[in-house]
Each structure stands twice: as structure tokens, then as C-alpha cells.
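Below sits a lone chain in C-alpha cells, taken as the form predicted on its own.
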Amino acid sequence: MKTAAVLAIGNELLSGKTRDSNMHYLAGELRRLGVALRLSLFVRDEEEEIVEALHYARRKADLVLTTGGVGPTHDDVTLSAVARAFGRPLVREPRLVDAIREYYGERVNPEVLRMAEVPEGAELLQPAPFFVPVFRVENVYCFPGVPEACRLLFDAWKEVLRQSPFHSLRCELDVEEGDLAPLLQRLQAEFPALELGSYPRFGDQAPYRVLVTVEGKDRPLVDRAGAALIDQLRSCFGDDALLRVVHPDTP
């Protein structure tokens, strides 16, 4: 199973000035593609910190996606950090120079031409018509941080990642999570290949008290674990505790 890590880069994300949407979007899309997201990191616009995060993420996942830090301003240091992480120099890519000149026209200046400087040997992926491409260096893929640009490029490229899907079962329960914990612990031990999750809701208007999910790539195994969960829930808490069961193909 292919695994991924996502690095969201930008001081504004860590100061609260900007609400990140790329991480949430990529997490959902990767799940739908059958790719397990192993970790996500928010990193400042500082080259050394990005390098450290890249090394860590590459140890944990098969591919690393970065968002942000590929623009023309002083704090756009993602590509220089990637070059440093791989021990490569930055070089000016003629195709990017042409694309930038075409996009900016008479407004071209030295700062915007910085966007044409990429790690030596980087592959430029242009799955959608946009003047800033996806940059690939080995197993690191660099996307723009602007949500519309990130989604445009990722949506056009993502099918190369598709693999066998995740399957899931969801149970909405009228049970306290603390009372449910021993049952879930036993069930997780019985089905170690699956991922069991428990998510409580609070407030008078909540449609349920706890949502329990069973997820995995083996659909028959998910079904068996789901049946065992439902049987044990009814045995321990009665039929009224089970409010609703949903069997989506993917989460």
C-alpha cells in the first residue's frame, strides 16, 4: 500500500492568519485514492525547518507532498529547501522563464523570475494549464499553496496515485464512549489489520453520542468485523443503542 505525507508550509498557517484548507482537502482525496496518509506537518517559511521536516517525512512515507512556498516573495523558500535536502543546486529552468514571462508580460521583475529557479534535475509536471507546475524531486512533489491552484494541479494529476480503495463501516451509537472502550479494545485485538475509530459528539442537538468506524482495504474482513461489532453492541447495550449503520464503499 502506497503511503503519503503532507507538509503545509507557511508562517501564516501557524500564526492563525490563514485557515489551511489544503491539508484537509489532500487528506480526503488521498483516502479516496486508496493512499494512506501517514502524517501531516505544518512548517514555517524557514529553510532549515523545511529540510528537517522533509527528511522526517521521507522516512515515514513513500511520497511527500508539499504545499506553499513556491511564489516570488522573500519567504518563498520551499524549492531552495528541497534543493538543500537533496544536496542539489538551484538552477534556472528556461521553460519556466518563458511561462513566467508569458503570464506576467511587462510586469516581469527579478522577484517573479525567482519562481523559475528549481532544484537541479527536478521534473516539471504540468497536468493542468497553469504557469506554475508541480515540481518533483525523487519522491517529493511540490504544489502551490494557493488552494485553487493546489486543487487544480492535484485534481489533474492524482490518478497516478490510485490503488485499491479503503472500505468502511460506520455505526452511530447512543452510548457513552467510556462504556464502549473495552468492547472496542477487544475488537481491535481480534482484527489488528483494520483501523477502528471512536468519535464522540456532545450537545443536545447531536444526532448520536459516538460514531464508531471500521476501515480497511479487505472488504470481507471489514464486513466480518462490522458484523462482530454490531453483535457485541446489541449484546452489551441492547438494540436501542445502535441508531444507524452506514456501509459506504469509501470513507
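In this text, all values refer to a predicted model and were calculated from it rather than measured experimentally. The first residue of the sequence shown is number 1, and the count goes up from there.
Missing here is the form predicted together with another copy of the chain; even so, the following discussion is about that form.
A heavy atom within 4.5 Å of another copy of the chain in the predicted bound form is found for exactly one of 156, 97, 91, 146: 146. Contact annotation for residue 235: none of its heavy atoms lies within 4.5 Å of another copy of the chain in the predicted bound form. In the predicted bound form, another copy of the chain sits beyond 4.5 Å of every heavy atom of residue 228. Interface membership of residue 38, defined by any non-hydrogen atom within 4.5 Å of another copy of the chain in the predicted bound form, is confirmed. The closest heavy atom approach of residue 112 to another copy of the chain in the predicted bound form falls within 4.5 Å.
Exactly one of the stretches 174-182, 116-124, 77-85, 133-141 approaches another copy of the chain in the predicted bound form with heavy atoms within 4.5 Å, and it is 174-182. Of the residues in 10-25, those that come within 4.5 Å of another copy of the chain in the predicted bound form through at least one heavy atom are, in sequence order, 11, 12, 13, 14, 15, 16, 17, 18, 19, 20, 21, 23, 24.
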